[in-house]
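In structure tokens, one chain follows: the form predicted alone.
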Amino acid sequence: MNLNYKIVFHLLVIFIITACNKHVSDEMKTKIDNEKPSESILDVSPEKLDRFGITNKEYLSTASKRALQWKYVENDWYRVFNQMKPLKGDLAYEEGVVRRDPSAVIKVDGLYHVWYSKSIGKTDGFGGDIENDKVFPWDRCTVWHATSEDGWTWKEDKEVAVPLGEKGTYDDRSIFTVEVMEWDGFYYLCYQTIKSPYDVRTKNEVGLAWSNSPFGPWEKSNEPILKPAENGIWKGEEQNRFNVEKKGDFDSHKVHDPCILPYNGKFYLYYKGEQMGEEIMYGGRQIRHGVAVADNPKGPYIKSKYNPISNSGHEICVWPVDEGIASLITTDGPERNTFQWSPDGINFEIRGAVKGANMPHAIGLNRTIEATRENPTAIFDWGLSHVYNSWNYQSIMRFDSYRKTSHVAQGAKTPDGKKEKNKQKDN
């Protein structure tokens, strides 16, 4: 009897463990398999070895193993950026004025539209009167709007598009780094916000405004639609953002650069996270991206359990392509200057590197250009970005780029038998 009881008990325990292991959440079922391929399934076919110049498969370096594990090694995503070009009209450089962080460009009734951060005057930095000084170029900003018939000459509205909130509200100090989404007859602007005073431990948040016209008027959310995580702990009272007892989540200090994309019947808010006690680590600043998802453009937005969704990056630059979401990762981290793609908007893999020269610093994508499976980076044919004319003053300029799928001398034949031409041109 005792033996039979023990057998039944052990079988019951095995059944419970097996059932628990088989339980997978609905969210997890939608994700791709992220496990790193084992060495036993390396593709060591003669064709693959020859392509990567590996002549002895018995002696594989770690780098060679990584190359053999690459899931994507084509050139469809490779882009070369030309030198940026100045704009005309009201968006030409203006001494004493900051215009920066342009939104995506959209076209409505024959006009191109863009929104951006605008402020006046030089930067004072920290250490002075932070209640009245301007501590960053993006401090003391509001959101402005301009239009153009050709994408070169722009006319700025005479009044601010999205003003600061009243004293004591979450957006009473600065509104900046705006992005636009057009959906179901409405236009939605999401942006970073600062509540005064602005010191080095101030936590940025994300606000939202909406209108049925790109010219406004804009109604603003009463509360932020996204906030930093609340699980970091500052150490002491000194204004030192690197002095922490606990760093917390990747976005425990700031949520930056918001961008909302409609995707799979929901709304994906992509953002940059800054962590309390941020370090210089493994390729630059410790910056990563996250995503929050809502059923409605106005929210509520729920952060993904899989955050962070990148190991690197700075300004958010995302677009839909091939039934998934693509991202250009720039500036910070070991995977900077790469194009990445995700089939589900969460799990991103590198698809190609980007030549760093002339790369725009803060990209406003031209969403009038459709990216396709055959040309997934077509959206970069031209767009807008800001440049640092000086630390104090920035202006918005126009970038353009071209796709590059081969590397041959000028006038020589490409792999498809055509002659290589000088691709740099004004688009």
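Only a predicted model underlies this, so the values are computations on that prediction, with no experimental measurement involved. Note that residue numbering follows the sequence shown and begins at 1.
Just so you know, the form predicted together with a small molecule exists too; it's not on screen, but the next bit is about it.
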> Is every one of E179, F267 and K298 in contact with the small molecule in the predicted complex, taking contact as a heavy atom within 4.5 Å?
Replying inline: no
> in the predicted complex, which of the listed residues (W218, W138, Y112, F339) lies with a heavy atom within 4.5 Å of the small molecule?
Replying inline: W138
>> Exactly one residue in H145, R79, K134, R100 has a non-hydrogen atom within 4.5 Å of the small molecule in the predicted complex; which is it?
In response: R100
> Where, among 122 to 130, 256 to 264, 69 to 77, 90 to 98, do residues come within 4.5 Å of the small molecule in the predicted complex by heavy atom distance?
Replying inline: 256 to 264
> Does the 4.5 Å heavy atom contact test between H314 and the small molecule in the predicted complex come out positive?
Replying inline: yes
>> Is K272 near the small molecule? Define near as a heavy atom within 4.5 Å, in the predicted complex.
In response: yes
> Should T193 be counted as a contact of the small molecule in the predicted complex, where contact means heavy atoms within 4.5 Å?
Replying inline: no
